[in-house]
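Here we start with a single chain on its own, the form predicted alone, put down as structure tokens.
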């Protein structure tokens, strides 16, 4: 099957978690919205077209045959068994989904470091609130949430969430670490010694042949100040 991924063409954002799974799984896919003069309009038609009976609320969403699947965690839950990125047992698939949904919560909090009041306002309109939110985020939430995933890796008995076997959750944890390194190089540099298993997982994923090739390709959109992970010096003290 050839998959069609729909997401904004200028940013990694939430779509990157899906891209990483498609790349590692060796999937035949097209990043539709990145097609010049066509993609974004095609994405909007699927979101609000008059013939779409079950439109997705927002990207990312994946078209797989006649199916249109939205929400990052749900897309990965669908792709996982098809790309051999999750074990077969129902209990394992549900565990992976549970972990991915927790990552969704973390990603929302990361986004709110630069948009704590409203996504409709520019960062420049909420700098004092962003600085306060970020301070508490690193004081309270990062130790709790990254510490949780560090514990999951410790309990797994192996280098990945499922021990020796890589799954899509590992790819998403790679993206979280990579993004935090970009957005908060000083803060993350100080914190990394507390989560050595997460750091080792990040480095291990980087070395996987398909991921390494993807990271060096034009398909990997560079981090920038329009996505989830944004590098504002005032927040990284």
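Positions refer to the first chain, counted from 1. Note that this is a predicted model, so its numbers are computed, not measured.
Beyond the structure shown, there is the form predicted together with a further copy of the same chain, which is absent from this document and is the topic of what follows.
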Answer with yes or no whether residue 200 is in contact with a further copy of the same chain in the model of the complex, where contact means some heavy atom within 4.5 Å. no
4.5 angstroms heavy atom contact with a further copy of the same chain in the model of the complex for residue 144: yes
Report whether the minimum heavy atom distance between residue 39 and a further copy of the same chain in the model of the complex is within 4.5 Å. no
In the model of the complex, does residue 56 come within 4.5 Å of a further copy of the same chain, counting heavy atoms only? yes
None of 70, 188, 32, 64 but one has a heavy atom within 4.5 Å of a further copy of the same chain in the model of the complex; the exception is 70
Any chance 101, 117 and 151 all have a heavy atom within 4.5 Å of a further copy of the same chain in the model of the complex? yes
Interface segment, criterion being heavy atoms within 4.5 Å of a further copy of the same chain in the model of the complex, picked from 169-177, 48-56, 205-213, 189-197: 48-56
Which residues within 112-136 place at least one heavy atom within 4.5 Å of a further copy of the same chain in the model of the complex? 112, 116, 117, 118, 120, 121, 125, 126, 129, 132, 133, 136
